[in-house]
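Take a look at this single chain, the form predicted alone, given in C-alpha cells.
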C-alpha cells in the first residue's frame, strides 16, 4: 500500500489514518453486479442526465449531520431519477456504514457504488456493492492489482483521478470507468475546470464521471458539454428535498 499523507489537507490525512486501521471482510466476496454502463445508457436514451446521487450523512466539507433513514433517502433519490447511488461506508468522518449500504442495495434496483477509502485488497470484502471506488492518489502502484482484484470479485471499479498522471495510471491499470474529482484533496478546493482539462485525454470507450462541485443545472450542462457521461452529486442533493433536488439535476 502506497498511500501517504504528504501534500494532503489535514482532514484527508485523518481519513487515511483511520482507513489504514479498518479491517476487511472475513470471506472473499463474489458479487453479481448491476451493470452501470447499461444504466447510464438507458438514462441518456430516455433524455435524462445520468446522475449518481450520494447518500452522505455528513463530511469534512459540509456542515451538520443528516440523520434521515438512509434507505428512505435512497428511495427518494431513485424516485427523482437517479441512475445509480453512491453510499458512504466510511464511519468516522462521513457517518457511513456497511450496514446502510446493505440495506440500501436491497431496497433499490439501480447500481450502487460503495464510496470509501480502500487501501488493501481485503477491504474490498467488507460488503457487496455494484461499483467500488478506488482512489488513484491513495493506492499508488497498487492500483492495477486492486482493479483486477475488484473485477475478480464481480465489482465494477470506479477509479478516481485528479491529475493527468493519475489518469494515465488509471488507464494503464485497465480502468474503464473513471471519475474525475474536481476537488483537490490537498487544499479541498473545487474547480470544475479540472474535469474540462482531463476529459479530452480519456479514450472514447472510457465512461467518465464528473465528481464534486456540481450544484446547479448550469454546472450539469457544463460538465456534460465537457464530456461527462455521468455526474456524481452529493451535497447539492442532500441539502433539502432529495427527490426534488435529484429531479432538478437529472431533467435538462
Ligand SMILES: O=P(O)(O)OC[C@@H](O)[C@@H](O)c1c[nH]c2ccccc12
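Positions refer to the first chain, counted from 1. For clarity, every value in this text was computed on a predicted model and none was experimentally measured.
Beyond the structure shown, there is the form predicted in complex with this ligand, which is absent from this document and is the topic of what follows.
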### Query
Any chance residue 183 has a heavy atom within 4.5 Å of this ligand in the model of the complex?
yes
### Task
Could you confirm whether residue 228 comes within 4.5 Å of this ligand in the model of the complex, counting heavy atoms only?
no
### Query
Might residue 212 be said to contact this ligand in the model of the complex, defining contact as any heavy atom within 4.5 Å?
yes
### Query
residue 117 near this ligand in the model of the complex, any heavy atom under 4.5 Å?
yes
### Message
Looking at 133, 74, 178, 146 here, can you tell me which has any non-hydrogen atom within 4.5 angstroms of this ligand in the model of the complex?
### Response
133
### Query
Looking at 242, 232, 12, 19, which is the one with a non-hydrogen atom within 4.5 Å of this ligand in the model of the complex?
232
### Summary
Answer among 217 to 225, 204 to 212, 40 to 48, 26 to 34 for heavy atoms within 4.5 Å of this ligand in the model of the complex: the stretch 204 to 212
### Message
Going through 28 to 55, which residues have a heavy atom within 4.5 Å of this ligand in the model of the complex? Please give them in sequence order.
### Response
54
